[in-house]
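Heads up, what comes next is one protein chain in two forms, each shown on its own as structure tokens, labelled structure 1 and structure 2.
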Structure 1
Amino acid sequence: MGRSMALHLRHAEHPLVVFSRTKERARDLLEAGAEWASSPREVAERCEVACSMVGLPSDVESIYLGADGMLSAARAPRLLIDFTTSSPALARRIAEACASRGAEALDAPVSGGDVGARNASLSIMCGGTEPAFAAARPLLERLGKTIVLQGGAGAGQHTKMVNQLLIAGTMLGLAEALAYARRSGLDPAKVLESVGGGAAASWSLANLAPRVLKGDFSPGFFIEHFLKDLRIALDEARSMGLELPTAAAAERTYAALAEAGHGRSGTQAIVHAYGW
């Protein structure tokens, strides 16, 4: 997703400096005229605005706060935007570290997947100050359609957690419903005709259930990434004293699937937990 997003910026004639742990993955960008940097710190030193999109919160921590990280630069960018889905608590720590360097930070996780990144139709959920959001907005508008400042540092991440909690319940319901349909002898494809247009309708039902019926478990969204997100949400909820039994059930279900080798399947592979 990061590559698709960076390409939109490059096509908008933004001069780009890129770093990736795997240089090969930046090839499209280098061919499109981006310059290579050898570390996050070098990106920071050469840029006014620095954007990141990585995997885990530990990766985010390392590229911002690590020995070779962006905030170790002699001169910080004026604005740092993290598109990774990551921990709200870490987003607040990064925002504080940026502020102490005179820089603005924005946590800006996205939803809309690969397709949304390619079509620049992402929903971008932002946390940070009003000035940081105003400064980032022209750039964000190259990448997404729904761009909302949800609150201070961490609020973008919290909003993304809400998004994932909604999906967690919907996917569990989808898995049980499809398992029930098959077990009771119904034709699941015909069932979708009856249930797809009413009060049971969801994006997941419309987009992922048909893939299940075709035996297509390729990712849209990787189980291992969803698992990471659920764990962040559960950690945050725990620290707020909030119990989320459905999200916890989704975490257990997806963890068992990852354990069984389905971590790189799409989230629709949840039906395997019900004998599909």
Structure 2
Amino acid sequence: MGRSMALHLRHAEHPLVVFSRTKERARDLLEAGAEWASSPREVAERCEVACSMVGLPSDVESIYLGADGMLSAARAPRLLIDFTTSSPALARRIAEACASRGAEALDAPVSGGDVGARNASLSIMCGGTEPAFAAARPLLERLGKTIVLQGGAGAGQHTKMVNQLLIAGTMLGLAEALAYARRSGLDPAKVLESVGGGAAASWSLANLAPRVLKGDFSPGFFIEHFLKDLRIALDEARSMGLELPTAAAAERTYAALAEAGHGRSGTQAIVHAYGW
């Protein structure tokens, strides 16, 4: 997703400095005119606006607050935007660290998967100050269609947790429904024609169910990353005294799939838990 998002910025003729742990994965960005940096710190020292899209909260912490992170730079960028789905508490820590350096931070997790990233149609959920949001908006509009400031630092991450909780329930329902359709002798493709335009319609049904029917379990979003999100949401809910039984069921199901070797499959591989 990060590569597609960065390409949109480059195609809009923004000068781009990039870093990735694996340089080869940035090859198309470099061929499009981006410049290479050897570390997050070097990115920060060469940019006015720094953006990140990585896998885990530990990665976020490292690239912002680590020994070679962006906030270790002699000169911090004026604005730092993190698109990773991460911890609300970590987003607040980063915002405080940025403020101490005279910089603004925005936690801006996204939804829409690989399709939304390629089509620049992501939903972007932002947490931060009004000035940070106003400064970021011209860039965000190159990447997404729905761009909302939800509140202060961490609010974007909390909103993404709401998004992931909705998806968790949808994916459980999708897997159970497809298993039911096939076991009852129906043609699942014909079933999708009927239910896809009715009250049961959803993004997951329209985009992921057809992949299941084709036997395509390649990742738009890794199971292991979705597990990370569900665990953040469940931890946050527990801290608020809130029980989330559907999310807990989804976490157990996806954890079993990851243990069975499906962690790098797409979230649609949940159907394997139902005998697909």
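All residue numbers here follow the sequence of structure 1, with the first residue given the number 1. Everything quoted here is computed from the prediction, not taken from an experiment. Superpose the two forms; the largest set of C-alphas matching within 1.5 Å is the rigid core.
Only one of the two shown forms is the form predicted in complex with another copy of the chain, so please name it by number.
That would be structure 1.
**Message:** So the chain moves as two rigid parts between structures 1 and 2 - do S4 and G116 fall into the same part, judging by which superposition fits each C-alpha better?
**Reply:** Same rigid part: S4 and G116 move together between structures 1 and 2.
Whole degrees only: how far is the smaller rigid part turned between structures 1 and 2?
Spelled out, the smaller domain pivots 10 degrees relative to the larger domain.
Rigid-core fit: what Cα movement does N207 have between structures 1 and 2, in Å to one decimal?
-> So the C-alpha of this residue moves 3.4 Å.
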